[in-house]
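Same chain, two versions here, written out as structure tokens and called structure 1 and structure 2.
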Structure 1
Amino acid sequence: MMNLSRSVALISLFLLPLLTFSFSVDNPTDRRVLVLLDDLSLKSSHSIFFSTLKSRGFDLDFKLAEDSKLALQRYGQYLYDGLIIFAPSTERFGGSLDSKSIAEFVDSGRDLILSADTSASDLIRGIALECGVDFDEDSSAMVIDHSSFDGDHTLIAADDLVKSHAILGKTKIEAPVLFRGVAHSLNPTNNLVLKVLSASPSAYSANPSSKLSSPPQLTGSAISLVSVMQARNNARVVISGSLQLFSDRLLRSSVQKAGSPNKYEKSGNEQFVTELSKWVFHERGHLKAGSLVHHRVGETDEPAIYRIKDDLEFSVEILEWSGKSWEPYVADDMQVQFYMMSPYVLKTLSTDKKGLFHTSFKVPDVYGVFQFKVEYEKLGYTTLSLSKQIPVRPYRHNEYERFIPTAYPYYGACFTTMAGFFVFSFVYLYHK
């Protein structure tokens, strides 16, 4: 029995690195994703979405949300790099999984897709609330729109998409996205969450089977249908108010928006969920920076200290993950600060279109301990926060100019005083 226990322990030690190092920030590929379902039939009803993930190299582990063996960690290490929750009606997760462990999962830098519908439980609503998303309190309410619909007034044909190539790709989604589900609003104090798919101004949230007795709480463009959040640690979260949004039925369905002559043979759902999944799993908009390089103009070696008024050159290499390899990142809004308590120099970096950003400037006439700082935040992209410390010294006593041009008036005043005193003395002594 002891030999068997030792064998199991040795096997665990050998397998653990394979589980824990499946994802790397420097090479975000071959990721393991846990998919929680409240019904295994969702594997077939949402097969197109899952197939696109598998075709891109993701290892999907399907489990029921109430499985008693559920666990995100083992021996203190995470077993998965992403989590998909397609179990809106689940009141309680099985095993060691709960809302707190999911929050810790995101806090560790890992990614989450959460989908709800009219059966959303308090557990699912609580997880969404932790991410800055608040679903409609009325559990029977759905999004209703009498102008932007396709047949049924609860089947919304939405086309108000976020304008971001990083999140939804460069190819425009031409067909409307079909949505049937619950509305949610964003926490105004949370600046990390934003709408990706919004309702039209004529939409509102209410129970479709009963008459309105009071004005609905959520109306118009305040309603978000699908939202995303990128945490400060660059973990990404997608929250959808519709589980059907990912279903094969809506992905294959034709769509014609009410009042529009344009009819599309296929809705924009497949392109929308595919591009959104690429973003949430860091296949797009994921930046990596090299080390900050700086040196005096005309030199190549990095000095240990600068002198005031030195001319220096600064550069940093930034790459973007394309889903398969690292490609040069090109932008015209990258800046560097030369910082001590506050920025003394703020320069926009030029790029060579090959991922290298560079600039040159003169060290300010202030000595102390400075930092080169690159703080880059752009919609849809991972946040970069780079810094490097460098001291700046004043001139040494033997480095000043022998005669300072700005002191010439004082030099003149000194010699003029001397000459005047000589003339005054001569006249005073020899004048009769």
Structure 2
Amino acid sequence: MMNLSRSVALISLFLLPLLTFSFSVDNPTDRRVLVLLDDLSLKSSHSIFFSTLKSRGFDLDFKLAEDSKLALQRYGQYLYDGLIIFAPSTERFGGSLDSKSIAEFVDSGRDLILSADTSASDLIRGIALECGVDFDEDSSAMVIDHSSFDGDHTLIAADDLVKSHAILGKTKIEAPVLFRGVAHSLNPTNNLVLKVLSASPSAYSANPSSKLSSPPQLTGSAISLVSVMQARNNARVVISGSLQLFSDRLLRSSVQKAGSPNKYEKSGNEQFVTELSKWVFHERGHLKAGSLVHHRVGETDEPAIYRIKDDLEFSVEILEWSGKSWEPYVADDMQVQFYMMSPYVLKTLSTDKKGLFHTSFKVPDVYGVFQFKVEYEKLGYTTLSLSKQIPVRPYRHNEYERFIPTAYPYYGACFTTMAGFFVFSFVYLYHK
């Protein structure tokens, strides 16, 4: 009876993540998203963006940022898998939310879309700073560009996008992306954050309504308009300097870059935000690795220890999440290291197109505690950092050659000396 009830409890424990449609290792796409707005009118002014999310199956929970019942978790469990903060002017969140709890939300592996705008509050700047993004300190400053604009010089028509299929999808975004908002720069010591949409070299950040008294702090392509950050636990964050970027007005707007003959019926915004939201909510570029499998050539079981100069086979299964199911991941740049303080062997893995990456190599002539290491850091993809420890021992005393052909003269010398000594002793002792 005891056993039965215990096993039932165990089974239900395992089933629990499957029963709830939530973010998990097996189903990494976010499902429940909290949207924080500082004005409920945003719900209608940004309805296209929200409805694309809804149509992809997300469960959006709209809340006012000042709502006093705001909470990200209850009883130690997170209520949401993703968070969209479209509340640039909010000075304080209601309820138990603050920048620290949002940082913890990201550190627990959950995703965030944060949008600032001109006159962004210190709270929003603080959250961005936690993710390695510095907004321009001047709260009235905007990005101004006198060469890449559409009509107004503060309405930037940006087309300097990051080249990554994982982040922005396979179809190229043809039309420029319209942007009106505040500039930010990236923390140079943080190598997890990167620019997705950069300003043109002629852009600068200043207050458009006043005359420039000193050279602007942020200029040119150092300015980032939209950035993403993938944390070490693969939580993803999008930080945009413009809330209007997501708005229906800019999504539907036509665009013609100043001085350019190309006029587009529709700006690139819709495609841009849709693809970006797919990336940030793990519908794309999310990899999963099985365990590292290795064994001697001709064997199937993993040994506890290798000997130097053993031939071994190594394989690892890597799958990509397509948004609905796990598909085999195909790439030709997956590498494995046989590592002890430095890589002794570095091999590119070949794939069978079914997700299995494999190679074989000879253990180097060095003993020690080695590691199989797969360090895969590809732009936009989940960082894979897998390692498995395996000791390598030298030869046993009976694994050396018993007789070395080159040493036969020595063996001969040895035995002839012995024989000679015997004969000599015999003759010396018994021959008068």
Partner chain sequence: MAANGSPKPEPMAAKKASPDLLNSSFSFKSLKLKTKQQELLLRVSILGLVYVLAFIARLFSVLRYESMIHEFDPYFNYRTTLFLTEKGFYEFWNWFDSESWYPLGRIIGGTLYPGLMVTAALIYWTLRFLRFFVHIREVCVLTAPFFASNTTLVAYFFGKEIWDTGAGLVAAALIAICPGYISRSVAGSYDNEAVAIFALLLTFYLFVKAVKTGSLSWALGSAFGYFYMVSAWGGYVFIINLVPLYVLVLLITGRYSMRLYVAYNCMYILGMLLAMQIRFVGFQHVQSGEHMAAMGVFLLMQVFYFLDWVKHQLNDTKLFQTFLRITVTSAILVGGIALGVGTASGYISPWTGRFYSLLDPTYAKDHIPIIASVSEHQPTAWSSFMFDYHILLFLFPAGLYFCFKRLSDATIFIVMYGLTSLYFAGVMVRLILVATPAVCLISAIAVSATVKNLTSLLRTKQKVPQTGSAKGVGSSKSSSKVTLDQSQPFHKNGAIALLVGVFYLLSRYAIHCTWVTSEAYSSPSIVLAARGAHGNRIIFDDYREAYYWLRQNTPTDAKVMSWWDYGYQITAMGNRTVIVDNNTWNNTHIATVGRAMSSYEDEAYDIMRSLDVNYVLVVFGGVTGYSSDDINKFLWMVRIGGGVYPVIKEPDYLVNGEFRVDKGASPKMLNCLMYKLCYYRFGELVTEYGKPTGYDRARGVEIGNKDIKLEHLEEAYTTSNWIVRIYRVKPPTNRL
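We call the rigid core whatever largest set of C-alpha positions still superposes within 1.5 Å between the two forms. What you see is a predicted model; the values in this text were computed from it and never measured. When a residue number appears, read it as a position in the sequence of structure 1, where counting begins at 1.
Working note: structure 1 is the copy from the form predicted on its own; the remaining copy is not. Rigid-part assignment between structures 1 and 2: Glu313 and Gly412 are grouped in different parts by superposition fit.
Relative to the larger rigid part, the smaller one turns by 36 degrees between structures 1 and 2, according to C-alpha superpositions. Once the rigid core is matched between structures 1 and 2, the CA atom of Ala419 is found 12.9 Å away.
On core superposition, Ala407 has its C-alpha offset by 5.6 angstrom between structures 1 and 2.
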